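So this first bit is one chain, no partners, the form predicted alone, shown in structure tokens.
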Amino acid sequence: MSNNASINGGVGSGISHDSTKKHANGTAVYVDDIRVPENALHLYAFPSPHAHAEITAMDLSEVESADGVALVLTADDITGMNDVSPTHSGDDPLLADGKVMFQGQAIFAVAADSLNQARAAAQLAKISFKPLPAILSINEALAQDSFVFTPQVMAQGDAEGELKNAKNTLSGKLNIGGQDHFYLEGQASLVIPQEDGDVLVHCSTQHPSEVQTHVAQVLGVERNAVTVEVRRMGGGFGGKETQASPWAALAAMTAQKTGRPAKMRLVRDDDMIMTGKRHPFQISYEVGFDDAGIVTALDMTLVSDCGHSLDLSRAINDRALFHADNCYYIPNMRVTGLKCRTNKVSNTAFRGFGAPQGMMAIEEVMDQVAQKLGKDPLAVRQANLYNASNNTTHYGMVVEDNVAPEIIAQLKTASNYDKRRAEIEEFNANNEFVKKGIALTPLKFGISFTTKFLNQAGALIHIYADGSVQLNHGGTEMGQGLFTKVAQIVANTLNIDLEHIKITATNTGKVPNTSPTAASSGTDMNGMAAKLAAEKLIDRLRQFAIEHYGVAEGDVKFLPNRVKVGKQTFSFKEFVNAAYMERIQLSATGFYATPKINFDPETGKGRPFLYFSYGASVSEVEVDTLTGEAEVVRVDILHDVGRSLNPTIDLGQIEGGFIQGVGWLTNEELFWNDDGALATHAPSTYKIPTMGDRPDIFNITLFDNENMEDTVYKSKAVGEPPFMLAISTYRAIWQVTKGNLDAPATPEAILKACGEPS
């Protein structure tokens, strides 16, 4: 990258997010900010009051005649398919048809001149229900063999046999709660009718092509009749991967049937009640180990609460199994995944996509082994790490890029772990009720979609005759800085200042068949596709110079913001204009398919990831055992992002991911009552982290490393992995309680685990 030293904003520059100023001054345009035409309709979906029931009668006549109402939609009004299932399983109806499967399921939708009119009209519905038995917990689902998919098993060695031969064994269980995405911008879609019955859909979604697919499917048209556009989202975290489609489809139906623009935006309470969460898990295990703490055998079962439908639960549960080893080699290991069907909202993608639950499971095992043997938990962790001779996972992938031992050792020294642990032991011995805990946990996170066909991306780049560039690709911007990073990659490749590159909205009419911006692969895939498109343009311009100016290939050099051809030097603008005048095509597409990916779910073996991202964190906590309150007082993080494309954005992602993980494991508690209704559906009852939860001492360092795989400029993904660094906070609290501590570790859970004061 030395030849790019003189351009502004190239790869490696710590520049701010492209919308930073717009975010600060309130001019960033989200779906809800788009000017709505005067004749637009606004939609409200009426939610089921029951977790499981038959609809025996429904009279909507008063709804239809209410003030301002233009249209009422039921399942019978759907021209195409009444299904918005991301896996085409057919179990995700857009509108309930004869039966409701969870409290909050949309039964019908009202389109009126205002949202208030639509909501008021919906209350006039007369619906009769026949309540049915509801399954509301993992234990109930297991008792009734209620599953959304078949079990998955991944194994190596002989776990059962070696457990019998193990010097030491123990077993245990761990319950891990779900989490609401709580994106600042809720689900929102604005649909503008076009000619010939086509629709333009402005949607807050991580997966424009899936929204396009579902809208077309519901309308009964081909996909080329639906264009989806996304400039930015106010957060996504996985909650806008599959969950955006229903609201876009309802708005599109309204636009198609009335010829009027239609908007659907869920208010916070409805959003939390009607959209999926992170999967709650129940973990059970039996582990065998020797006196040194080395695990010789592990049999583990991970059971997830999937809600009423499949959604993405198969892949999510599988990723939990993939990460049930974390950084540790276990020669005899069997992991079983069960996917329970309950009468709750269908759970869905969330940052980490099952891996956090899998890592929580194995870190619980490591701490339990250490406690049983009276050893430092870090020593047990280090004793079990993958190494050069023991480097094959339970799903058959060889760990070739392992830097976990180096990261742990470096962080242990930099954070003064040994000294602080000794000081904490002394503090605890001298304090009866306030106790401290410290934990260092590593992570190894696989990067790629485990569904193979999703590992593809496209890009489209235009160079205009004035030397300016327009960049289009299939990734979506949800605040994570993807658009900025991809633009930096293009600037680097073309060797021009970033200011000459226009970042545009994601549009299915420009780049088709896009994969979701998920699995931490947004930059890896879209950045590489854009780089390949830019390289096509460079090759095309080089060939033009050779032929037009009669020089050798070596005489054409693309310098910062200029091009040297033989003895002549042109500005990039002058050179591009000359190419245009000679009818050289200045537009190019790029396409990238992630290599080396293969996994057979039937055998549970293969290579589901291109590479791994690594990191480690040390958390120190202070716990009041009389109130259950826990405070994170210091955090030290060392994280591997390969060669950073943008250190500023990467550090922001690490900090944000960690704090969101702390929220999941400490204070974000979802609660359903005995009727299956979500009681924690607003900021008043559901507590996300605030600035006050950020530790006063928070040290983040990027590990000096280079990706051994051929990724874009040798970088590594950064979106999801930092989330799992927060496990160290939970483990530090566990060090204090040393009891049955389920997650989240709320004050109530901590008090329960601590027991009565002596």
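All residue numbers refer to positions in the sequence shown, first residue = 1. These numbers were taken from a predicted model, which means no experiment stands behind them.
Note that the form predicted in complex with a small molecule isn't included here; everything after this is about it.
Residue-level contacts in the model of the complex: of Val287, Ile438, Leu482, Ala96, one residue has a heavy atom within 4.5 Å of the small molecule, and it is Leu482. This chain lacks the partner; the member of Ala518, Ala297, Val662, Met274 within 4.5 angstroms of the small molecule in the model of the complex by a non-hydrogen atom is Ala518. Proximity of Gln187 to the small molecule in the model of the complex: non-hydrogen atoms within 4.5 Å are absent; the residue sits far from the partner. Contact check for Gly236: a non-hydrogen atom falls within 4.5 Å of the small molecule in the model of the complex. The small molecule is not drawn, but in the model of the complex it has a heavy atom within 4.5 Å of Met478.
At least one heavy atom of Thr523 is located within 4.5 Å of the small molecule in the model of the complex. Against the small molecule in the model of the complex, the set Asp92, Ser309 and Lys344 makes no contact: no member has a heavy atom within 4.5 Å. Stretch 718-726 is the answer when you ask which of 686-694, 718-726, 29-37, 700-708 has residues with heavy atoms within 4.5 Å of the small molecule in the model of the complex.
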